[in-house]
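In structure tokens, one chain follows: the form predicted alone.
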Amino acid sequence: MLNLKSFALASVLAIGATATAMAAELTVYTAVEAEDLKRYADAFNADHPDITINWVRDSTGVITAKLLAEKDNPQADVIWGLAATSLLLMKSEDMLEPYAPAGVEKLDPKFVDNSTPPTWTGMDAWVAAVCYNTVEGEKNGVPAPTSWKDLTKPVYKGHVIMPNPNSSGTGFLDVSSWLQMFGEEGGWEYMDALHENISRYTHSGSAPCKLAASGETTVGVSFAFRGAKSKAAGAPIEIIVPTEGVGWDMEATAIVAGTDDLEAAKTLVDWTVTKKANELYNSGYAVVAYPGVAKPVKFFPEGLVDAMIDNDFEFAANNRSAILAEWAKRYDGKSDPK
């Protein structure tokens, strides 16, 4: 005779085993600002509660170096929020799984890798700018700069902070853009002169603007959205767009080749290109991949998008190691301790 209790218990155990089998955990490497990670995971899990995200978060340079070091034994499943220049480098090393996420055709094409299928998709763009503290500037007799080259003038000596490009994606986009704007020889000459006025190099791209906002420096070389957020919070700063133009980069997403759970990784990457995800990115960045999503940002400087240089991402990616080694040899003595 069928034991109904035993049958019911067996059914519950079977359902539980199936649910456990369906659940997945993904190790996701990121350089997204730490305060944004919970919002990202919560929004994704609202649609996919069966996939757990285990974040590994650090600055762009650190995450890039970690991924390269793990090339032969990958520990990450997905990269969600790392500079496109870093992902281009990994693409050249065959470290990324080619995959066209569902809905990728809805994105602005410049935010999508040009391979078929693509190896990475862009999320948002961050753009260089200068944060200038008006109170400190008046107190110290330091005028507001209008150009990058202004920052090499003697009046700025000791009043400028910028990010270390070996640690910070913002720092690297600054350096690679100066080499493009001024030429290789002119770019290093510019950075030699700028170095004389730098008080310190930080390991975070947002830190120089935060330090300018708090009055710990007069000038912080950072990115525009960070400046807009600080100004909206009441900081006495101006966000300046240098006349020569500004560098920029994209945060981007990719699947790591060799992931143990390709289907769950694809589910996550599908979600990262959705309109919902891009609306989330817009809370931290003014320029996002999904057309029509970005809303105006209070205090975002006028003319910034027009000032974005025609960035050669391939140049930046292919020369990254050499650029960073040369930069460290010349300037690392003023970097913050790690």
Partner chain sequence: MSTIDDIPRPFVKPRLGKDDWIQRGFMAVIALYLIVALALPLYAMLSKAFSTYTFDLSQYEVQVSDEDGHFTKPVENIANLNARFDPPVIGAGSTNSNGRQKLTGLFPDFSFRSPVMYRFRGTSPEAVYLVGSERHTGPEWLELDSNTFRRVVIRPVKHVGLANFTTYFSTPALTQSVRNSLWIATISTIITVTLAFWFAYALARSCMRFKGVFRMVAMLPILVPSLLPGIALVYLFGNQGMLKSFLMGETIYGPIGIVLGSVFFTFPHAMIIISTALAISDARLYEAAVSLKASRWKTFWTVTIPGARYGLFSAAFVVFNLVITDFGLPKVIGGKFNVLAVDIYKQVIGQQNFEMGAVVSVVLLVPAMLAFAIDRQMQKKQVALLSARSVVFEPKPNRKMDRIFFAYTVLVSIFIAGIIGVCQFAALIKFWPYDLSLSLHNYNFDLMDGGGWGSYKNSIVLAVLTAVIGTVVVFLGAYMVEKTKGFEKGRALFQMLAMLPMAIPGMVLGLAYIFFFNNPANPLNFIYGTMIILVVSTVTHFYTVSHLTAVTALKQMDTEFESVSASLKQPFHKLFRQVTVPVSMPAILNISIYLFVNAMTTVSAVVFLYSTDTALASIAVLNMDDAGDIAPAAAMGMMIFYTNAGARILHALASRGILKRSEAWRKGD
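Numbering follows the first chain given and starts at 1. Throughout, rigid core stands for the largest set of C-alpha atoms superposing within 1.5 Å between the two forms. This structure is a prediction, so every number in the text was calculated from the model and none was measured.
What follows is about the form predicted together with its partner chain, which we do not show.
Remark: all three candidate residues (Lys66, Ser204 and Lys329) come within 4.5 Å of its partner chain in the predicted bound form, counting heavy atoms only. With the partner omitted here, the residue from Lys139, Lys110, Lys106, Lys149 that has a non-hydrogen atom within 4.5 angstroms of its partner chain in the predicted bound form is Lys139. The candidate stretches are 229 to 237, 141 to 149, 243 to 251, 262 to 270, and the one lying within 4.5 Å of its partner chain in the predicted bound form by heavy atoms is 229 to 237.
Contact check for Ile79: every heavy atom lies farther than 4.5 Å from its partner chain in the predicted bound form. With a 4.5 Å cutoff on heavy atoms, Met181 does not count as touching its partner chain in the predicted bound form; it lies far away. At a distance threshold of 4.5 angstroms between non-hydrogen atoms, Glu35 is in contact with its partner chain in the predicted bound form. The shortest heavy atom separation between Val135 and its partner chain in the predicted bound form is within 4.5 Å. Along 54 to 78, a non-hydrogen atom within 4.5 Å of its partner chain in the predicted bound form is carried by Trp55, Val56, Arg57, Asp58, Gly61, Val62, Thr64, Ala65, Lys66, Leu68, Ala69, Glu70, Asp72, Asn73, Gln75, in order along the sequence.
Superposed on the core, the two forms barely differ at Lys266: its CA moves less than 2 Å between this form and the one not shown.
After superposing the rigid core, the C-alpha of Thr121 moves by less than 2 Å between this form and the one not shown.
Superposed on the core, the two forms barely differ at Ala257: its CA moves less than 2 Å between this form and the one not shown.
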